[in-house]
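So this first bit is one chain, no partners, the form predicted alone, shown in structure tokens.
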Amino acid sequence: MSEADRLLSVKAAHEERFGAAPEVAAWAPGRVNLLGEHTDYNGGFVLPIALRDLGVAIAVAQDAEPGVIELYSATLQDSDTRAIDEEAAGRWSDYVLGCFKKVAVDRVARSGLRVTLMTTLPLGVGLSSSAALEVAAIRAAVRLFDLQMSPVEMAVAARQVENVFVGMPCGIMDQFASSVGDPGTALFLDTRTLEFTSAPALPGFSFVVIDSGVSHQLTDSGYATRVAECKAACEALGVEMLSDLTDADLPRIDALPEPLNRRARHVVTDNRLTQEGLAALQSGDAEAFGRLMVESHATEKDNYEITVPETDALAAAALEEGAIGARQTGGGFGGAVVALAPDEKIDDLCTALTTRYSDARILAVT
């Protein structure tokens, strides 16, 4: 389906649910991260791709009681009603409520909203379903209330919703890729300065995103622990952020107590791999990029300890079945694996992996 088709679908669902057409609709894509994991909240480098066919569509109308947001998820077949002055309550509607509180609280207090959403993003696989929902909601608010916000400003606002309102201490990669990224094109981002550049595709090769079948829930996982460990490592090393460090600092990093030494080593390592990954894309060196993906998975596993046996096995199997690179992608503790393979081997690779692992699903090829 094209983006226009998705918008038509969510508009139709809204009219069926609420009996009137919405005023605006918006779409935002999910993302798969190729290199640079858990580096964004450390001010480092990341290399995600916005996904063309996986994302969130949202439709909105101003026809509810003032100060009230009536929400309906056509995907979940679930509804919720929230007041604009409410705080987060641990429900899916928190993300939408938080976005309207962030950018249009006064407008909603006067008019109230009816909101319908549809998603093609599976939850809990590390493809940024929450960020896509946030960006879609803010895009809808911008269109509905004629607000002046750039894509970068929308990404920053969406991250603030996730950090402050929802309570997830994530970096800005997910929201930035969803708001600024061009689906199907890699985006190299310096998360400290927000400077970015597009990176070309690798001719003759594609990235395959595979769900391992192990769902994660980052707010209930070790994500916040990793953030705290990185802050502790910064204090011990006397730096503002771990992105201040390079390979030259590895001797004093290794002198830190466990596990702070390995947490800091991961950030330095993945920052370097991501920079080298950009160079590999720019030179069209698929073999080099594949090797970097394998190295990145190794530091995720050994230094940052965010992989699980299922994603370790799936990444290894992808290499055995013809991929030239594979790694766990996303926040970790389960979720998805991304593999790089020659186009002529994609079909055989997908068949082999889903045959070997009954819980595995092919989510995207880009």
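Residues carry their position along the shown sequence, with the first being 1. What you are looking at is a predicted structure, and each value in this text was computed from that prediction instead of being measured.
Not on display, but discussed next: the form predicted in complex with a small molecule.
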TODO: Indicate whether the small molecule has at least one heavy atom within 4.5 Å of a heavy atom of Y223 in the predicted bound form.
DONE: yes
Task: Any non-hydrogen atom of H38 within 4.5 angstroms of the small molecule in the predicted bound form - done: yes
Open item on the list: Taking any heavy atom pair closer than or equal to 4.5 Å as contact, tell me whether G98 reaches the small molecule in the predicted bound form.
Closed with: no
- [ ] Please run the contact check for G335 against the small molecule in the predicted bound form: heavy atoms, 4.5 angstroms, yes or no?
- [x] no
Task: I172, L144, L187, A157 - the one with a heavy atom within 4.5 Å of the small molecule in the predicted bound form - done: I172
- [ ] Scan P48, G330, G325, G55 and let me know which has any heavy atom within 4.5 Å of the small molecule in the predicted bound form.
- [x] G330
Task: Which of 205 to 213, 172 to 180, 245 to 253, 90 to 98 lines the interface with the small molecule in the predicted bound form (heavy atom within 4.5 Å) - done: 172 to 180
